[in-house]
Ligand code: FCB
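Below, in C-alpha cells: the form predicted alone, a single chain.
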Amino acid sequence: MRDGFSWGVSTSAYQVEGAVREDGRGLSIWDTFAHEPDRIADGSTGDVACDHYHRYGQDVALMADLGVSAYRFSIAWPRIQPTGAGAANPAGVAFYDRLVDELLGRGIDPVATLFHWDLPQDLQDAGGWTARDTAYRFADYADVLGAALADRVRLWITLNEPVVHLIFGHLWGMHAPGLHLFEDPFPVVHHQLLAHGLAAGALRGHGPTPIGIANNYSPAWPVGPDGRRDSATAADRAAAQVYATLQNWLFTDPILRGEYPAGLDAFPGAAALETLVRDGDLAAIGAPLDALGVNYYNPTGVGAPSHDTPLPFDIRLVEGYPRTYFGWPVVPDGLREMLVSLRERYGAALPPVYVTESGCAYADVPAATGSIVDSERIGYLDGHVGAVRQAAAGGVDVRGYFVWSLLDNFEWGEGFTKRFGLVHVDFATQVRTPKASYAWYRDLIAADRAGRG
C-alpha cells in the first residue's frame, strides 16, 4: 500500500470494556437493553465483556506484537458524562488518558470514536435521538474530549454507523433502545447528523486533529425471491434503489453534498424533514471532513416488498456465495464496488477513505492443542485486502484498513455467540489466544512495510 497507509484493528467500548459500574460510569441504553429478558441471544450482557478496562495493557501489547499502526476504539459516553451532560467524570477521562498514552508509547496511533451506540440512559429517558437537545449534549461531550485528548488522538470519528443505529435500534428494535419508529424515524436521522456536525465543530476548537465519520455501506443488489441477481424484476431493481438511498446515501449526502438525497418520499415520515431542518443545520452537517470511514461486511440482497411491511423493500438472502457464521455472503468485490461507487457519486467532495471495519464471524473452536486455525477468516481478509488494493489502483484514495475486530467480544444482540476476533477470548477466564489469522495479519503488515521500505 501507499506510504503512510494505516493497518489497524477496531473495537468498541460496550463490546470489550466491561467495568460498567466502576469509577463513576453511568448507565447506557445497552446496559438497560441487555438486562431485559429475551433481548440477547444467549442471555449475556456486556457487564464484563473482555474486561478491557482492566486488561488494556495486555491488549495493547497484542496490538504492538501484531504490528498495527493504528487502533480504532470508542469512548463510552456514560464513562465521561454519567448522565450525558455536565462536568466530566475524572476517572473516566483518566482511563482514556492511560489508554491513549499506552498506545502512543507502543507507536500506535489512537483513532477515537465518540459514539458507538452506547447513549447515556438519562438522555434516552429524555427522548434520545428523537430529541434535538441530544445533538447539543453530544457537542458538549465532544468538547470535553477534545480538551482532554485532542493533543494525542490522531483521528476522530464522530459517529459509528448511524444508519445501523437507526435501523436496528429504532426501526426493527433488535438493538438498544429497542424502538419501532417506522412512522416517524427522521428525527433520529437528522439529530444524529446534526450531532456529527456540531461535534466536529467542537473538536476543531481544540486543534487540527483530522475528523471523520464511519458509515456502514453495502451494495444494494436486486435479487429475486430465489436470491439470484438474474431473476430480479423491475420492481426488485426499484426497491434496491430505495434501499441504497437508506443504507448508503441518507447519512452521507447531507455530509458530502449538503443536502438530503432524493427518493426519501418512499419512506413514512419523510415530510417531517421540512420542520426538523433549521437554518444552519445543513451547513454544520456539511462542513468539510478530513476522512470518511467505510465499514463493509457484505452486499445486501433486496427485492420488492412481498408482504405487509412498513418499509418499501424486502431484504433477501444473496445466493451463490459462501457464508460466514452470521449467514452473510462473502463477497470481497463488493468492497471494491462500494469504494468505487463512493468516488463516482461524490467526486472531489469525497475525503480520504479509511476502511474502518472489515471482518467476519466464524465458530473458531480451539483444537485439542488450544490453537485456533481460522482459515476461513484468513481467506475473507485476504480477499478484502485485495479489494482495497484494486480500488486504490483504480484511483480511490484509501488510506487505511482496520480489521473488525482485535478481540472476540460481546456481539450486540448475538451476545457471545459470534466471534469476530483475531484473538480468541475465553470469556470465563479472560485468557487471550491469538488465532492463525492474527499471525497472517502480522505477516501481511510486515511484508507490506518491507515492500515499501
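Start at 1 and count along the sequence shown; that's the residue number. Source: prediction; values computed, not measured.
Quick note: we don't show the form predicted together with ligand FCB, though the next part is all about it.
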Report task. Would you please decide whether residue 297 lies within 4.5 angstroms of ligand FCB in the predicted bound form, comparing each non-hydrogen atom pair? Result -> yes
**Report entry** is_contact(residue 33, ligand FCB) in the predicted bound form, heavy atom dist at most 4.5 Å
**Finding:** no
Requested in this report: Please check if residue 251 has a heavy atom lying within 4.5 Å of any heavy atom of ligand FCB in the predicted bound form.
Outcome: no
Query raised in the report: Given that the partner is absent here, does residue 117 sit within 4.5 Å of ligand FCB in the predicted bound form, heavy atoms only?
Result: yes
Query raised in the report: Which listed residue (337, 161, 236, 374) meets the criterion of a heavy atom within 4.5 Å of ligand FCB in the predicted bound form?
Result: 161
Query raised in the report: Pick from 33-41, 385-393, 409-417, 50-58: which stretch has non-hydrogen atoms within 4.5 Å of ligand FCB in the predicted bound form?
Result: 409-417
Query raised in the report: Taking ligand FCB in the predicted bound form, which residues along 39-55 bring a heavy atom to within 4.5 Å of it?
Result: none
